[in-house]
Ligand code: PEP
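The data below hold one chain only, encoded as structure tokens and taken in the form predicted on its own.
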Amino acid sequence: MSATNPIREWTRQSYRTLPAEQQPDWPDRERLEEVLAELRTLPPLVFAGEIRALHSQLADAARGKAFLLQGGDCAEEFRDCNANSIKARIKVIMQMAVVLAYAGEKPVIKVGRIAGQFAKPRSSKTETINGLEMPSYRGDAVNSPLPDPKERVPDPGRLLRMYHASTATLNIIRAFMKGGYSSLQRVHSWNNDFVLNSPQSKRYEDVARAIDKTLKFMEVIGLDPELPQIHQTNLFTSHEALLLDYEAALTRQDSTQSGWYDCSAHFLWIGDRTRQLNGAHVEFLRGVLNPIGVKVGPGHKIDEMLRLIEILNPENQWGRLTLITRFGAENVEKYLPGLIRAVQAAGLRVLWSCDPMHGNTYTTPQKYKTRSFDDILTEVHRFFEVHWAEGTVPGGVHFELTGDDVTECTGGGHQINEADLAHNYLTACDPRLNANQSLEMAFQIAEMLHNRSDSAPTIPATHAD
């Protein structure tokens, strides 16, 4: 790999010398600096040791020895920071993970879009509602979704609310993950309930029965269901590193191994709109030791992507960088093979993940943004098929989903149509798969993996970091 590491010295504040896309127009800069000063004194949300553990697991996924399941809300809302809402989101991710682990015959790394996904990029700085122009809603971390110009003014105090909401969410996650709520038997019983009540129950029975037999065999040979490997699990957190001032304020130097970690989440990603080579987001994230994701849409240029990979992963480590492709079902075969071949030819080590949501969004005549279940599934299938054809590892999937019974995406076993969207359309930004659709997605991906049990190649750990 060529020596392309930037010469610029990195500090927590070096991003401020470069153009930063998608940042709020904070009207009260003095209040912003007060908030950031307070955030710098508050405890980290996650710890360096946890971040290193995730990095190691993602290295396994990049080599085909594990699989990444990343999912959660498009944009978290403060009103949903309660036990029932958080539990519902955790529950669906756990259910999907069990199905995918069985079918893929490898560990599933569970990463939530949770405990920090409170900000969203927008295509326009303003929007018009009921004939009135106002600042665009940029997530609860910045302003209110209420269609009132006063409520849309960016408020730095919301950054503190985001921190405290994330803290509360993490407390609940850790309690559930270690307290038996996510035990293997419990999660599988939830999946059995789903299969029993699914319109396509016959289709999913084989996988459910096979998992049943596996659990019964474990009991027969005397494996204690209270073993930590069965009774407990881990859920890592992630969000788009959009609000750079917030991210920098929560960046800490590790006291045991030095190095800087963004302690707002375990995993952070750069969006398709903010991955400019000479931009502030790339500058900031190149200096922290968290695993980093990069969203890649149809507008990418291969030469720029290769350069970006080298900037963000100068030591070419396994598990450091995840490319999250978001091409749309009709564009996967147009863009993905060329990108894979270029990355392979350059000898760059990345984890490949598929975001099948963003490239398949459309607006109905009734002005609802939505996505088709079939389009989402098609993009996932084509992602896997292209990687299998290229001899590379399809290492993960990335969904916007919720544990609630919303009607935001069309299709699925319950056949939600465009006329049904109005029944329970709750998202503040983009449409999400509901709980049933998410589990259907997992079972159908499981079918694909099961039918090709020798599917994904594994890459030897030789010279692995």
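For every residue, the number given is its place in the sequence shown, counted from 1. Nothing here was measured: the structure is a model prediction, and the numbers come from that model.
This next part talks about the form predicted together with the ligand, which is not shown.
K.L.:
Taking the shortest heavy atom distance, is Trp269 within 4.5 Å of the ligand in the predicted complex?
P.N.:
Output for Trp269 is yes: heavy atoms within 4.5 Å of the ligand.
K.L.:
If we define contact as a non-hydrogen atom of the residue within 4.5 angstroms of the partner, is His281 a contact of the ligand in the predicted complex?
P.N.:
No, His281 is distant from the partner.
K.L.:
How about Cys74 - does it come within 4.5 Å of the ligand in the predicted complex, if we only consider non-hydrogen atoms?
P.N.:
Contact check for Cys74: yes, within 4.5 Å of the ligand in the predicted complex.
K.L.:
Residue-level question: is Glu400 within 4.5 Å of the ligand in the predicted complex, judged on heavy atoms?
P.N.:
Glu400: yes, in contact with the ligand in the predicted complex.
K.L.:
Between the options Arg349, His387, Arg326, Arg158, which residue brings a heavy atom to within 4.5 Å of the ligand in the predicted complex?
P.N.:
It is Arg326.
K.L.:
Between the options His300, His358, Lys106, Arg307, which residue brings a heavy atom to within 4.5 Å of the ligand in the predicted complex?
P.N.:
Contact with the ligand in the predicted complex is made by His358 alone.
K.L.:
Given the stretches 117-125, 134-142, 260-268, 171-179, which is the single one in contact with the ligand in the predicted complex, using a heavy atom cutoff of 4.5 Å?
P.N.:
Stretch 117-125 is the one.
K.L.:
So which bits of 278-316 sit within 4.5 Å of the ligand in the predicted complex, heavy atoms only?
P.N.:
Result: Lys295 alone.
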